[in-house]
Every structure is written in structure tokens, then in C-alpha cells.
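Below you will find one chain, with nothing else, as C-alpha cells; this is the form predicted alone, and questions on how it binds or moves follow later.
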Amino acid sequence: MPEAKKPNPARRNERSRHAILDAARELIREVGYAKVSIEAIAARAGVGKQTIYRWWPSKGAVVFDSFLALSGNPEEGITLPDTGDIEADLKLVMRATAAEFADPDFEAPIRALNSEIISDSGLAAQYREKLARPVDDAKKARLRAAQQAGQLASDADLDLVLEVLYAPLYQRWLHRSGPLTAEYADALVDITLRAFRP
């Protein structure tokens, strides 16, 4: 008689983890962050509440991981396009960023995450460490290459360059004060480069 295969707990855990992250995103999109609870996520994912608490300390932490799952894992390494033309490369990246922020699947969890970060310093630190820092490091690496190629001023403060480039887009998204279009993304690149070219 052939030996019965034992279930692989790692595979089962991974399946449960994905179900939980998917459930969190779906519920945020359907009912909004404030109305989502760990109980509701567990019920939607078909797992026990204790399973969620074994992996995450709070609802905000689940939402953060559900967002990371959408974004890929920045800690595994990010590179920005480098065609040698900083204007073309930044326009490509900024258009993609604007489109992402306008996408309801992305927008709902990132809004929820921003709300939670305001009151949860631990989650804010996790966000900086796992997402913001690796992404900013990749952006600055591309900007440094542009400096070396003479396309940006050699004394440009790269943190300031990123703030000038991204802050208006974030502000428009946060306040829902205007459309996040490719034309708007291009205009932000044009203004930033005008300010920081040699």
C-alpha cells in the first residue's frame, strides 16, 4: 500500500496568508478601513482569528502586508529604469506612480495604511524600513547616476529633489484635489528638472 502523503504545513500556511491578505484588501475596498475588523478578515479568509494574530499584531499590520503584497517586496531590491535619459526615465516612473495611485485596488489599502500610520508609531517605523527607505534608495541611486552624467546639478540635494517631484502628486492624491494623469506626472518631472538641472 502506498504511503499517504502528509499535508505540507508550509504550503497550507502560505495559502492561509494569501487568503488573509486578499481578504483584507477586498474588505477595505468594499466597506472602508474603519469598518474592517480582524474578525471580518478571518471570516472572509476562512481562518481563525488566532491565525491572524499569530502573524500580525494589529489590523494595521495586516493592511501593510496586504499593500506590500500588491507592490512586490521592495527589500528584495528595486531599480528604476536607466536609459541614460533622466527626463524619459522619470516620466515613465511618475506616470506609473500616478496610475497606481488612481487604481482603486491600490488606492484603498494605501489610504487605509496612511490613516493607520498617523496613530501607530510602530507601523510607521515598519513602513519606513520595509517600503519607504528601499524605494527612496532606488530613486536616489537613479538620480546620482543622472548627476554623474551631468543631467542634474552635482550639488543637488537628492532628498529635496524627491520631495519636489513626489510631494505635489501625494498632496493631490491625499486631498482628491485633481486628476492623477500622465500629463500631470510629466509636468511634475518638467518642473523638477528645471529646478535641479546644472
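In this text, the rigid core denotes the largest set of C-alpha atoms whose superposition between the two forms falls within 1.5 Å. It should be emphasised that the depicted structure is a prediction, and the values quoted were computed from it without experimental measurement. Quick note: we count residues from 1 along the sequence shown, nothing fancier.
One more form of this protein exists, namely the form predicted together with a further copy of the same chain; it is left out here, but the text below deals with it.
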| item | value |
| --- | --- |
| All of F67, R142 and Q148 within 4.5 Å of a further copy of the same chain in the model of the complex, heavy atom check | no |
| Contact test in the model of the complex: A40 vs a further copy of the same chain, heavy atoms, 4.5 Å | no |
| 4.5 Å heavy atom contact, G48 to a further copy of the same chain in the model of the complex | no |
| 4.5 Å heavy atom contact, P57 to a further copy of the same chain in the model of the complex | no |
| Interface membership of T79, a further copy of the same chain in the model of the complex, 4.5 Å heavy atom rule | no |
| Within 177-191, the residues that have a heavy atom no more than 4.5 Å from a further copy of the same chain in the model of the complex | S177, Y184, A187, L188, I191 |
| Rigid core fit then S119 CA moved by 2 Å or more between the shown form and the other one | yes |
| Core-aligned C-alpha movement of A43 between the shown form and the other one reaching 2 Å | yes |
